[in-house]
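Next up is one chain by itself, shown in structure tokens, the form predicted alone.
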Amino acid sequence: MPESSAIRDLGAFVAATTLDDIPPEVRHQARRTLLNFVAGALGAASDPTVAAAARVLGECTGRATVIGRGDRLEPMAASFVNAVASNLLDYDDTHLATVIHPGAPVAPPALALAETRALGGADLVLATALGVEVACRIGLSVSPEHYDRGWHITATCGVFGSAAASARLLGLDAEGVAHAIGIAASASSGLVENLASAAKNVGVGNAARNGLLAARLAAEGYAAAPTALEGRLGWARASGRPMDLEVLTGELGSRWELARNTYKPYPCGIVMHSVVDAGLALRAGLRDPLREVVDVEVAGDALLLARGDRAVTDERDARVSIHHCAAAALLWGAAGVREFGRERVMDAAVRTMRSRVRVALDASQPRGAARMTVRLAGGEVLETTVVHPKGSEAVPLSDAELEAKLRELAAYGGARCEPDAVIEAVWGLERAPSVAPLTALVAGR
């Protein structure tokens, strides 16, 4: 392998970095990522989509825990199911600069390997931190063109994070990690067109599973081309644009993209969060929204419209719908898991409110922002603009709010676990000699 290439540089970083090399606040973000991952998986544990995935992979029995279901599968199968579950409710963590949800593809294989190889909690935290960093840096090096061309970046870049985390836990050296990342380039896929369908979750599940597969193959001597990422016919150019190598490796180990990870307060597409916040703010001035509101305009950038201007036929549509996010916030003054569940999505009142919502392009709005204008029956006009929604880098969720989110999702998903014990186990991972207590707690049924 040449002295320097993208996968070689990343391989050296992943193989050499220790937990002590990572600043305490960045390690804490890794634990927050793990807590959010567990919360999402618990919330979707009883969902038919997760049950179907578990049935399909049920023959792959093993020792890795499927969160909230009591099943044990071999690590790649468990990684797939846990990734699907954690991504299903659109309650992920988000690296907004790339719109990658890194926890779903990275944390499941890391947890499965830590559990089945009897590794400690510190190993899990370190692998998660490194995997998230690799996924987000690769994504940043090809953004925004990669996503704009229709590649679902959580899946396409998540597979690299999964490979990096898995290779670290398998004990591969720098060259082995590099080959794992390069092999993962041949298993990178996922389409934006499928975002409102279960196929989106398949892409994320594949990212988790295929990254682990790539690392296992590298451990057996499989090799990748040195320039699998940046080469003339490599992953970056084939999927849309040349890779920005300075963005990829600049200040590697001192500037942490993981530090920019954020956590959703609402179970919907991240670019819809400003819509929700705007609706909640204007709802405070209404007594009977269904009678008072006659017209709602939501204005935002092209990404907001491209992802959220859609008809709502089911709860999947609702989670990526400007119309439903605005209507739920205005009508109910809430936007939790129940407001995006099937019963409320199909409610007659919210369907009426959705019909009053229009969208408009405002190219001056930054990514993630939204302006809402509400016209009332009496002629009054209410308006607000949200640039930094709750849960963003500027207005982050606190640890206490993340804990409350896990409790909410554990109850919603019907998992038989003690949420406070799960929370304590995640916060204490770096001191835990084994992840077994955590996996026992989250096994649920």
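Numbers for residues come from their place in the sequence shown, where the first is 1. Keep in mind it's a predicted model, so treat the numbers as computed, not measured.
Same protein, other form: the form predicted together with a further copy of the same chain, not shown, and the subject of what follows.
Is it true that 76, 194 and 235 each have at least one non-hydrogen atom within 4.5 Å of a further copy of the same chain in the predicted bound form?
All three within 4.5 Å in the predicted bound form.
When a further copy of the same chain is placed as it is in the predicted bound form, which of 24 to 32, 381 to 389, 414 to 422, 55 to 63 ends up with heavy atoms within 4.5 Å of it?
Careful reading of the contacts points to 55 to 63.
Hey, in the predicted bound form, does residue 356 get a heavy atom within 4.5 angstroms of a further copy of the same chain?
Residue 356: no contact with a further copy of the same chain in the predicted bound form.
If we define contact as a non-hydrogen atom of the residue within 4.5 angstroms of the partner, is residue 148 a contact of a further copy of the same chain in the predicted bound form?
Because a heavy atom of residue 148 falls inside 4.5 Å of a further copy of the same chain in the predicted bound form, the answer is yes.
I'd like to know if residue 299 sits close to a further copy of the same chain in the predicted bound form, meaning any non-hydrogen atom pair within 4.5 angstroms.
It does not: once a further copy of the same chain is placed as it appears in the predicted bound form, residue 299 has no heavy atom within 4.5 Å of it.
Could you tell me if residue 240 has a non-hydrogen atom within 4.5 Å of a further copy of the same chain in the predicted bound form?
Because a heavy atom of residue 240 falls inside 4.5 Å of a further copy of the same chain in the predicted bound form, the answer is yes.
Considering 329, 185, 99, 320, which brings a non-hydrogen atom within 4.5 Å of a further copy of the same chain in the predicted bound form?
Among 329, 185, 99, 320, a heavy atom within 4.5 Å of a further copy of the same chain in the predicted bound form occurs only for 185.
Name the residue from 252, 247, 225, 280 that puts a heavy atom within 4.5 Å of a further copy of the same chain in the predicted bound form.
Looking at 252, 247, 225, 280 one by one, just 225 meets the 4.5 Å heavy-atom criterion.
Could you list the residues in 202 to 216 that come within 4.5 Å of a further copy of the same chain in the predicted bound form, counting only heavy atoms and keeping sequence order?
Counting only heavy atoms within 4.5 Å of a further copy of the same chain in the predicted bound form, the contacting residues of 202 to 216 are 202, 203, 206, 209, 210, 213, 216.
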